[in-house]
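Okay, so here's just one chain, in structure tokens, the form predicted alone.
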């Protein structure tokens, strides 16, 4: 029993380390084709600009040392040189060539990403930005969820990239998961597109990268890259009505009697609101308030009682519920697996 417990703990620790390793937001550890293209372009630009820095800095140091004032100088002005066609041509042509090279490299990368072919097996979905949360829709799978995106891993043996259509329900937002793809804006009344083909399962984090209001900094998002088996299981779960315990009937009645149902939707109930996140499988999410807090009973009670205590400036109002009402609604939401 002890050895089994130790093995289980070790496996859990390894999984935690693997999951944590995917939560950084550095563009220098890409895990998708678009992000790798951006990474390679970044290295090229850094190499070019670093070379410019070394050359210019070296010339400045050389000039400062070579032509510094010496004790035996007579103080007279050195010979002056006026005009040099060679120098004029060099500091005009060389920068122009550098700019052209950087332009062509950048354009090549942009077109390679934008014109990438869409395989038949690609997953198609939509992301809609709201103040201050994310709505994710999978039309072909009849799934709508919020803040936590699930997509399948894409390998050379089984390529399955994810192609997304991006738009906004209010102001300009920006979808950015640095390790998976570049930053793309979500603009009202306009459809932008993005794709990614993550190569390693795990959790990847990002956030809105365009200032969109007082809670912009807490408009976070989580991308779960699942194995084919994990993604199939997640799809099957999401396509079902949220599991509800008979013991939570009082909380459901309380939820439906308040204004909650005017903003939120829960499949299989009278709640069909579109202003807030879909809560059908709320309890299966790791976070609440678009990543502002862990999805625990204590945080959920605080969120329902006073949203500003977790996310100041949130558009979700305080309903001034009694402690008993808060506990009943919390208990009900905790059953929505």
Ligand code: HEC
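Positions refer to the first chain, counted from 1. Just so it is clear, the structure is predicted and the values come from calculations on it, not from any experiment.
Beyond the structure shown, there is the form predicted together with this ligand, which is absent from this document and is the topic of what follows.
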In the model of the complex, the residue from 44, 62, 275, 28 that sits within 4.5 Å of this ligand by heavy atoms: 275
Contact residue in the model of the complex, from 259, 214, 99, 105 (heavy atom within 4.5 Å of this ligand): 259
Interface stretch in the model of the complex with this ligand - options 190-198, 68-76, 131-139, 154-162, non-hydrogen atom within 4.5 Å: 131-139
Residue contact check: residue 285 to this ligand in the model of the complex, 4.5 Å heavy atom: yes
This ligand contact at residue 263 in the model of the complex, heavy atom, 4.5 Å: yes
Heavy atom of residue 290 within 4.5 Å of this ligand in the model of the complex: yes
Residue 147, heavy atom within 4.5 angstroms of this ligand in the model of the complex: yes
Candidate site 279, 300 and 303: all three near this ligand in the model of the complex by heavy atom within 4.5 Å: yes
In the model of the complex, residues of 310-336 near this ligand [heavy atom within 4.5 Å]: 311, 314, 315, 316, 317, 319, 321, 329, 333
